[in-house]
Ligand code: URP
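As structure tokens, one chain now follows by itself in the form predicted alone.
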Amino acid sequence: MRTLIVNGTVVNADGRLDADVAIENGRFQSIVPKSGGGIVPGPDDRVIDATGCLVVPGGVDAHVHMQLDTGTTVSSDTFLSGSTAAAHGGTTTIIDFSEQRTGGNVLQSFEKRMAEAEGQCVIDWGLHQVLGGVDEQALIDTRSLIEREGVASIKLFMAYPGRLYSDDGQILRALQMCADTGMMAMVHAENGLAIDVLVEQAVAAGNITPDFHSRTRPPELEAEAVHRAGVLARVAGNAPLYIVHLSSSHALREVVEARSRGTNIFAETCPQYLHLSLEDHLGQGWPNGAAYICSTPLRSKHDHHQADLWEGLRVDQLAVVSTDHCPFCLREQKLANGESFNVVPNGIGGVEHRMDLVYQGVVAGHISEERWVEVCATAPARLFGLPQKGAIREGLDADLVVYDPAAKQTLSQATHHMNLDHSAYEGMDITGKVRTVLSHGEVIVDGGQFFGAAGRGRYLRRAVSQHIR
């Protein structure tokens, strides 16, 4: 039986078209322009009327942290609750992380993470491999993951000494591996050693309010780390480099400069950096300010970071918007260790709202509908080795969202589906709303009702991307 989506406007990264879409056996069968008469439904076809709506590829969120064990607590969304929330927001693919910490084993960390995720996800999912201890055996094991498990990307940290941090020599060795294999190197770019000095000095002076989380992680130290990562990537043989959660104008300028030097560099930003600020959110004090502690941190609204990031998205200086979804409940987790910025778990929950929040850039005229689709679906699919995702094209996986661009909604903890006792976007009035979500041609969300099931999502073996050179 076919499923038809009729009377909508199909939006891909390369254009829009009034067209009907036919789905069969979990894949897009045909896209037929309305100018040619569209598709005539048969008696056995299921028909979804998308009049007045945009028909877009399912979102791909390439940076999430479900049930992440920090050592002192675990992020509040499981793979089940987090993937369900993602589906409600129009995201049909997530990529999480297997995390090897300093002193740990890569293959054991991967097997443990697979066991945690399997049987839970309601949408398709994959894993990146974190390297927190770059030694010879870790690099051998990571290379083996490409063929064994379809893991085509790693993550390195220039922050968090003693837990995840890699020094420049370790990063260079990992980047050399990426240059050789084609694996994407995701890098958390902040100068962690310098940040730790500033944190120690702030706490010693009694400056422990939430805003000091941002003040001790200044944009200059993000920019310096981006610059250094770019240099190391070039020295390594121009390894594919992807800067995660870029938050500042300073860091964006370093990405642009590195690219001008021929660096094979890409960068993502996140909705929190497009919509939230140091003053309005971290500046709330305790307890609410704790909800906005994340790394990289929120930036000052007076320094034009948000405007620069929107412009960076518009002109392709920034390639992707992911969420870095890492939710912690406010009193039970964020404030469990006391009211001092340096003991609050880092993270903001937002996997459900990414498509909506980036669409506000369309509403405001910052980006086009096509660019919205590109940064939320097409580019992450291409960069992370998912050629079957991110576009409405014949033969690709039938992951699709019917999006009502005129609908109004107010974001709130009372209505979201994340396992989180607060919302970083509480009370925000927005335009645009997900109406219907299909995954592999199956309706999993319609009119706010959920029809998916735990374990229906598929683990995605990813190939080395063909779009990163």
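Nothing here was measured: the structure is a model prediction, and the numbers come from that model. Sequential numbering from 1, following the sequence displayed.
If you look for the form predicted in complex with this ligand, you will not find it shown, but the lines that follow are about it.
Figure note: of the listed segments 232 to 240, 320 to 328, 108 to 116, 251 to 259, the one touching this ligand in the predicted bound form, with heavy atoms no more than 4.5 Å away, is 320 to 328. Of the candidates Phe341, Trp372, Phe157, Trp125, Phe157 is the one whose heavy atoms come within 4.5 Å of this ligand in the predicted bound form; the others do not. When you look in the predicted bound form, the only residue of Ile94, Cys294, Leu131, Met183 with a non-hydrogen atom within 4.5 Å of this ligand is Cys294. None of the heavy atoms of His422 is located within 4.5 Å of this ligand in the predicted bound form. This ligand in the predicted bound form is approached by Asn346, whose closest heavy atom lies within 4.5 angstroms of it. The closest heavy atom approach of His416 to this ligand in the predicted bound form falls outside 4.5 Å.
Using a 4.5 angstroms threshold between heavy atoms, His245 counts as touching this ligand in the predicted bound form. Of all the residues from 172 to 194, the single one having a non-hydrogen atom no more than 4.5 Å from this ligand in the predicted bound form is His188.
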